[in-house]
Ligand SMILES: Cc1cc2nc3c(=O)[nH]c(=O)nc-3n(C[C@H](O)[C@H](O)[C@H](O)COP(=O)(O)OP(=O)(O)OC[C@H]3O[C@@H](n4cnc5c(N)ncnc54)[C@H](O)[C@@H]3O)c2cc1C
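Just one chain is shown here, as structure tokens, and it is the form predicted alone.
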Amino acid sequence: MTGVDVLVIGAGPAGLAAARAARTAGARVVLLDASDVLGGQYWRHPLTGARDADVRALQHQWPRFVALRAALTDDPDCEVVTGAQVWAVDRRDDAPPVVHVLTGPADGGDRPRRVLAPRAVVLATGAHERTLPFPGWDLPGVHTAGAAQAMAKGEHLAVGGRVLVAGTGPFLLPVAAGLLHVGATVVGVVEAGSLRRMARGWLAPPYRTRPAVLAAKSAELGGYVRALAAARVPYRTGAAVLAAHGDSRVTSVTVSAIDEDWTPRPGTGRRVAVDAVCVSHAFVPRTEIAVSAGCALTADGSVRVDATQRTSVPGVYAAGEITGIGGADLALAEGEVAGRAAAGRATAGGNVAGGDGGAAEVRRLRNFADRMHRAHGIRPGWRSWVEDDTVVCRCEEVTAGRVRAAQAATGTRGLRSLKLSSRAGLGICQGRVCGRNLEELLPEVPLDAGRTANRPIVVPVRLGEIATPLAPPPATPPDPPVAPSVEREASP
């Protein structure tokens, strides 16, 4: 078992910023990421062989990533471990958890095992996409928008030749632009939010976003608009993909106008010929490790943190999308705050940051994220898209009708019992794809408060890889005194 000053889990924008801030404050750092390259999904890029021009064309803030990567990989007091999968954590009283790690290819055998006992932990595990179910969404050729972007960034490949991008949120625009760059024909971008609702969300007071942030975001938006306009890509608002059609794979989709609450408008559906469709409706914080560590969550399922990014567990900090979806700029700012605070605890140096430690910048960027959620948040009318024969759990091939029948037969009000009686959420993804949809699928039967993301074993592992008995963890010195701070919650 290895003692560590600061352990950072996740090497996306938040994790890289946290690791760099902790090193600047004097702590020895171990940075873990499951991927073979640093950068997370935001700075996803090929391992080798790509032209620099192609990489830069699909990235934002690339020089900042290059600088962060160089600073950490060249630092002898920062150990960077890629291909590192955290599969479980053990809680300790008044101390950060012991972290169990396997390194190497996920499908390889006999992966080396490490057990880390950190003085402070920064969780920067990011988020995964949420796609709302609709008839035919399980057909080959129906992808998440994030999968399409990952293929474009990581492999320089398009998921199809004739592609429709649909869902809601600003993320649709870089996905469409990336598909154009790798040679796809984008037949349209379909945004569920209406112009009226988006205007109300983005323009609502109070105005706390820095002009520099607005200028940068406006320039980024302008670049996407120019790319789509040059390719004559239609952009439609107040509409959604309600069905995908095809036998062995998708050949067309039905696009319909929807009301403000996302209820389809009768008679407005039309078919669009495609060989691929990319859909994204939201992002869900990846909180499996945080939940296993005992971290409290907010009402929207993100990790609860205070002004220093400290969670409810002593010595555990969180940054980035797991504290609330807000984009790369917010993740970078939160990572810097969390890294400094974690270093202060690990080295008994108290609050090593000057001033407010960056918390004011986090608040300003959170205001920008709140506007995004008001403009593009999921509305309850989506449930009317889901017919009884619509698959809602693709791993176990469970339909909405089966879930409804299981609830009616058992009278359950609990998510766990609903999973066990219907098998929805019990497949290999363990509810990552269908979990939030299941939580909201039955509005007429309010389920007990809770979440589906409670998985003590974070990922599948071989018994042989974890069979060796472990020595008890070493004692951890008590927390240095810290000033109380006010908790904040991510907006629902």
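All values derive from a computational prediction rather than experimental measurement. The first residue of the shown sequence is 1; numbering continues from there.
This protein has a second form, the form predicted together with this ligand, left out of what is shown; the following refers to that one.
>> Based on heavy atom distances of 4.5 Å or less, which listed stretch (159-167, 392-400, 252-260, 326-334) is in contact with this ligand in the model of the complex?
In response: Selected stretch: 326-334.
> Which one of G344, P174, P133, G238 is close to this ligand in the model of the complex, taking close to mean a heavy atom within 4.5 Å?
Replying inline: Filtering the options by heavy-atom distance leaves P174.
> Just one of A34, L426, V461, V55 has a heavy atom within 4.5 Å of this ligand in the model of the complex. Which one?
Replying inline: Checking each option against this ligand in the model of the complex, the one that comes within 4.5 Å is A34.
> Hey, in the model of the complex, is V86 touching this ligand, heavy atoms inside 4.5 Å?
Replying inline: Contact with this ligand, yes.
> Does A124 make contact with this ligand in the model of the complex, using a 4.5 Å heavy atom cut-off?
Replying inline: Taking the distances in the model of the complex, the answer for A124 is yes, it comes within 4.5 Å of this ligand.
> Is G146 close to this ligand in the model of the complex, meaning a heavy atom pair under 4.5 Å apart or at it?
Replying inline: Within the cut-off, so yes.
> So in the model of the complex, does E220 come within 4.5 Å of this ligand, heavy atom to heavy atom?
Replying inline: Flag for E220 set to yes.
> Does anything in 273-308 come within 4.5 Å of this ligand in the model of the complex by heavy atoms, and if so which residues, in order?
Replying inline: If the 4.5 Å heavy-atom criterion is applied to this ligand in the model of the complex, 273-308 yields F283, R286, I289.
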